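This document contains two forms of one protein chain, each encoded as structure tokens and listed individually as structure 1 and structure 2.
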Structure 1
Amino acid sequence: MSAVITGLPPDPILERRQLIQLRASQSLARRTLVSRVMTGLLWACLLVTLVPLGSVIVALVGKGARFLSWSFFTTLPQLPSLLSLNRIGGIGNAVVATLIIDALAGLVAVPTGVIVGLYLAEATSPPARFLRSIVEIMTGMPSILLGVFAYEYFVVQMKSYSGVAAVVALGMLMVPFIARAAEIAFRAVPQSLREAALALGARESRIARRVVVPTALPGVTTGVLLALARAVGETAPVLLVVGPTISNLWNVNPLRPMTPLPLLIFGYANSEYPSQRAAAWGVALTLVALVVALTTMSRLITGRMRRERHH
């Protein structure tokens, strides 16, 4: 432009504008480049996350799937020896032990956790604040410490390793998780609902039973299922209190030693027999399937909750 009108002094505004445009386009190019690099890095990080996790899944399915069969879940393990190296049998007793221990732990922890959650949601007194910090501390407590506790108070006293001792450790592990989930769910119940029930003359227990708990139920259930999923896979506290790492006995009496699935994985993974080391993957896949079933249920419930809220 300035080439056309010669002789005139350069237009300062025009130059300024050109300069700005130039800088802006340079800046945009640079910023776009930086942005591209950054977002590229993000992609790379996601990939880095997914590769080892994928490797876990591939190993689990690739090495474990061939074990899965009805008889694997229902028959007893057969212990190998020098003369029969490849005997392996099933994991029936471990499946049963896991179900019994975690059902009992749930039986203890669910009511306790829900009631503690209800209390925390309703009360504002100093003891309630104290209890809330206890619950928060307990959610971060390393699980093995609960095993130490259960050993001192149950194994030593009962003079027997037992499913019950594991129930105590796992129950204590679950209560704070459930209580926190329950508290949040209870707090989310609209105050207007309670007030409406109150206006109709309902007693507190009735409000809790008929209004608060049903409304908060999906949230509570999600918390319960997630806590159960965590308890099912816990190994460290169970190792200290429950029984041998490998067992080939049926036992449905929780007052006696048991060998749940996570402990069997630990025992098999540590074995000198390649057959048992291989079977550890079958047990692991079974355990993961159990955990996935629990978490999927909780996700379905959460998903339904979200959809209902949107309606």
Structure 2
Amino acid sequence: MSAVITGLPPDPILERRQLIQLRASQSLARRTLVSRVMTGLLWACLLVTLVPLGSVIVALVGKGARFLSWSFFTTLPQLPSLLSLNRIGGIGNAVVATLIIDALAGLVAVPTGVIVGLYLAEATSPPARFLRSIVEIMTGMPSILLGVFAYEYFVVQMKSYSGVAAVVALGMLMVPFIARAAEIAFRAVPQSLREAALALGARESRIARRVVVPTALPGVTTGVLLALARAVGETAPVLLVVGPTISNLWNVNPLRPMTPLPLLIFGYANSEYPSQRAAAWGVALTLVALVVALTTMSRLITGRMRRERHH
């Protein structure tokens, strides 16, 4: 029996395996060196990225934290005078204006973006492909163009600055981001769920409402909150349409000029009074904290919804 076995030709698979192991052992040192070099380059890129980010955060916290107080968030701005150059007041009306403008923009943009995303995910017709191209173009469009559009068709037509123009500009900014995120979330729903619903006799519209939307809800929620965070921190379109000057009055009517946080930062940063230029750091820190809170909230809500779904 042993003679028969020894007389067999060599196993080609075994020889190929030995050849691969030999080649791998010969190139192990080179591959290890390349891996370490690339890892070092990645760490260097991370550090280079963190340096400006850390500098901005340190400057914001170091120069703006001393302004943060309850009265700073709840009182009105006070215009400095020759008798009191250090008078600043608070940013209560700016916080309220920011929340009103972004909430109204979200009420318009969220349902529109979700419906557009659902249509793009479910339809394959030429109109759907054309609409997808429009959404992709608007995603990369400079936000200042949306501000120019809102200025031309709302501020000029109404002959007055208003919060409504800012709502339109920010709503147009949010719709493509929400639609793109919603489309990705809807496309990630397993096809087997749709097929199971079809096998039970459900209509396409009912499957979209009862199966696709609930399953994709975590991804859609993340896209919505990230779009809101983008809108809260947006400056260029807001400066064009909300009003030319800083107001020190309470105003909750979006049909009139308003003073959101970006306009207040811009006005304080260009002020002739050192106290207002210093207070611009406090307003900027408040705006950044609001954006970070929305971003963090999106992660927490999405994580909790996914955990509940898995359980």
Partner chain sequence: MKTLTPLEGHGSSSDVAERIRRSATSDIPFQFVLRATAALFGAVVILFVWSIVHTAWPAVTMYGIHLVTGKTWIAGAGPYGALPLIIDTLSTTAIALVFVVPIGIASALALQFQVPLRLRGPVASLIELLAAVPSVVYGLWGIAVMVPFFINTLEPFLNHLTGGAWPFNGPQQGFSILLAGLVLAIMVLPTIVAVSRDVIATVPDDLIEGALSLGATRGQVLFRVILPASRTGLLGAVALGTGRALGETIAVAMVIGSNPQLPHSLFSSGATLASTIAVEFGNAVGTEGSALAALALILMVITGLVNAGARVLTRRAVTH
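The term rigid core refers to the maximal set of C-alpha atoms that superpose within 1.5 Å between the two forms. Please note that residue numbering is based on structure 1, beginning with 1 at the start of its sequence. Worth saying up front: this structure is predicted, and the values here are computed from it rather than measured.
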item: Chain form predicted on its own: structure number out of two; value: 2
item: Post core alignment: residue 198 C-alpha displaced by 2 Å or more between the two structures; value: yes
item: Displaced residue check between the two structures: residue 270, CA, 2 Å or over, core reference; value: no
